[in-house]
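The chain that follows stands alone, in the form predicted on its own, written as structure tokens.
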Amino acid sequence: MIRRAALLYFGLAGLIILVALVMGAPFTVRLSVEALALSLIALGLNIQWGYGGLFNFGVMGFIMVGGFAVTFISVPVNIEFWGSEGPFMLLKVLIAAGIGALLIMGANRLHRLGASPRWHRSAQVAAWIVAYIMYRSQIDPAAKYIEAEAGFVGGLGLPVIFGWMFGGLLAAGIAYIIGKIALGLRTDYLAIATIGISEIIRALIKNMDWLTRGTLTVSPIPWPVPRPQDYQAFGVDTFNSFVFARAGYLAVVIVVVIIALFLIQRAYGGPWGRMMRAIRDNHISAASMGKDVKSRQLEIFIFGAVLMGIGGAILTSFAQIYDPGGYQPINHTFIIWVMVIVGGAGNNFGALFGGVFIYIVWVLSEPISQAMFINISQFSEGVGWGAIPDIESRSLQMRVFVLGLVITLALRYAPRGLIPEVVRK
């Protein structure tokens, strides 16, 4: 298995070198940064599904949360917002939300005071209604005021690395809430629930203009390393400035991926990993041995979400723009699942390989298809059959076909992935 993995990684390195020779160094470095960021997200999904058997189809939601986090932390401070009544109005929103949360928590504990089930349920419903009314009575005027006076809240102007860390922390908090609600569901219901929650997150972020600017987007988002403009200010030409800047960003991402991979490998090779495999393979037997299955599943769900949030933050800061309208399930959920399935679920090196390989296939399939269609169109037009219409849109659609073909071949000839899980006994 080690030899097989080494050969696959050697072939992947050759593919990247070939891309660099054909497409150029700036394109290849950018491709590598995005591929490694998506590989980090694939590692997070591999933790959830490959280790714990949890079907999380809400990957896009955690990626969006990571992107929002780095935007909020690293974007410069909005003086217009802090100089207005907006902060005081948001403070009242937080107070109203806190009081509402206390009401709900109190209603949930009425049964401990001897309340009947009927009164307990009635109190819970009433608490949620009152909490919602209190929250909306404060957030609606605050949102309108902020959008009219300052546009949006803005950021904190802190270093980007803190934004990446906050992305993982915020994703972990949301994963905790989701896990407490949904992890008791059966596998297929969990998948449906996470899809719905992901769409809720996207709708919230897309429509909270006072906080995220919504479809108006936020840019530019700073980098943790010097940008091309910084190199050009010192006299470096345009070509080399992009190479140097993106190479520096790539080096930082490589360090993050190596640290994450090292920690995951250590955890998976120890008693914690053996326990997770036992829960994944037969949770009933694991529970009979005294393991707290739901708590362990919640734990692994949070760990995976942390990597997804960090990966989403890395992608957003690299693009230097946060556009909630640009997130699509096929680009930010389906492709991550393909990476893990093709690479090998339960194997971190398989997920890493699948992340880089699948993203390269995804990106290159469009220009290769376009070149193929152009040549076929010229030939068909030359023989009198007519040109192929809408070549650009057809080429874009070919990415989905190529991805489907790759996963079909992988499931046929390598059902456990190109680098499958190896369980040492």
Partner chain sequence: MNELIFFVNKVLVSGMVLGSIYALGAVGITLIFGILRFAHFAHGDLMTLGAFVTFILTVMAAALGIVAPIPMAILVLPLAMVIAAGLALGIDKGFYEPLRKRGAKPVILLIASIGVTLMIQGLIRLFSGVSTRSFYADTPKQIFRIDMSFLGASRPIVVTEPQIWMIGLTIIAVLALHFFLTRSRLGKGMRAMADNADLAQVSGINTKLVVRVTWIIAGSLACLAGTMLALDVTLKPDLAFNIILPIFAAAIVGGLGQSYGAIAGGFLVGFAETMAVFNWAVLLRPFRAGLPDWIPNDLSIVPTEYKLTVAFTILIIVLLVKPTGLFKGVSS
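Throughout, rigid core stands for the largest set of C-alpha atoms superposing within 1.5 Å between the two forms. Numbering follows the first chain given and starts at 1. What you see is a predicted model; the values in this text were computed from it and never measured.
This protein has a second form, the form predicted together with the partner chain, left out of what is shown; the following refers to that one.
For the three marked residues, Ala191, Glu199 and Leu403, a heavy atom of each sits within 4.5 Å of the partner chain in the predicted complex.
Shown alone, this chain has one stretch from 314-322, 261-269, 205-213, 68-76 that lies within 4.5 Å of the partner chain in the predicted complex by heavy atoms: 205-213. Taking non-hydrogen atoms only, Pro220 never approaches the partner chain to within 4.5 angstroms in the predicted complex. The partner chain is not shown here, and in the predicted complex it never comes within 4.5 Å of any heavy atom of Gln229. For Met165, no non-hydrogen atom is located within 4.5 Å of the partner chain in the predicted complex, even though that partner is not displayed. In the predicted complex, the partner chain sits beyond 4.5 Å of every heavy atom of Leu307. Proximity to the partner chain in the predicted complex, defined as a heavy atom within 4.5 Å, singles out one entry of Val253, Ile195, Ile279, Val160, which is Ile195.
With the partner omitted from this view, the residue of Ala126, Leu113, Ile330, Ala233 that lies near the partner chain in the predicted complex is Ile330 [heavy atom within 4.5 Å]. Taking the partner chain as positioned in the predicted complex, the residues of 377-398 that bring a heavy atom within 4.5 Å of it are, in sequence order, Ser393, Arg394, Gln397, Met398.
Once the rigid core is used as the reference frame, the Cα position of Gly14 differs between this form and the one not shown by less than 2 Å. Once the rigid core is used as the reference frame, the Cα position of Met23 differs between this form and the one not shown by less than 2 Å.
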